[in-house]
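Single chain ahead, written as structure tokens, the form predicted alone.
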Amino acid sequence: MAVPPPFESFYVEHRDGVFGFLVRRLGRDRAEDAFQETFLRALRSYGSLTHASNLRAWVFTIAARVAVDEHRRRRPAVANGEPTFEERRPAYAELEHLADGLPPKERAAVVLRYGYDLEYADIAFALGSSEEAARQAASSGVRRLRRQGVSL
């Protein structure tokens, strides 16, 4: 398994891409706070990484989670004038543990596509690959999961 570089090097390498991703998802004003939260979360768990071979996908997964959290905070769910609460876990939380046995790129592609509903262009950007390669990684991951009896 790949040994992660010092956090500062990791940050310098990925900060511009993550910020651009968050701006596209949230707009510039909200992206600044989400950017800080993304790298704070990354720093907290950096020393205990289990998938250090694809740090780009890892940090974009964190950024996607932060963006989802930001959307939830900004848009309270209300029904009949009363707040509603989601009883089940979010799709990404349910999917992540199911995808743990997949190769890293397939795992990232499956979680980003089916857990976060990202477009293949965004997944390709996160993986540092082409859109077609992102689509293929997600497809291969789904096929592997189906062979294990998991349906998405």
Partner chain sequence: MKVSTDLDRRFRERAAADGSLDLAFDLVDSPIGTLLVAATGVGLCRIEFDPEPERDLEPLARAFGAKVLRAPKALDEPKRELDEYFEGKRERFELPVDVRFEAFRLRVMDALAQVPYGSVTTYGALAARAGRPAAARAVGTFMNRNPIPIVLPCHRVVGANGSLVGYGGGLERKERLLQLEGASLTLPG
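Positions refer to the first chain, counted from 1. From a predicted model like this one, the values you see are computed outputs, not experimental measurements.
Below: the form predicted together with its partner chain, not depicted.
Only one listed stretch (22-30, 65-73, 52-60, 106-114) carries heavy atoms within 4.5 Å of its partner chain in the predicted bound form, and that stretch is 22-30. Within 4.5 Å of any heavy atom of its partner chain in the predicted bound form lies no heavy atom of residue 101. A residue is said to contact a partner when one of its heavy atoms sits within 4.5 Å of a partner heavy atom; residue 120 fails this definition for its partner chain in the predicted bound form, lying far away. Contact check for residue 144: every heavy atom lies farther than 4.5 Å from its partner chain in the predicted bound form.
Its partner chain is not drawn, but in the predicted bound form it has a heavy atom within 4.5 Å of residue 15.
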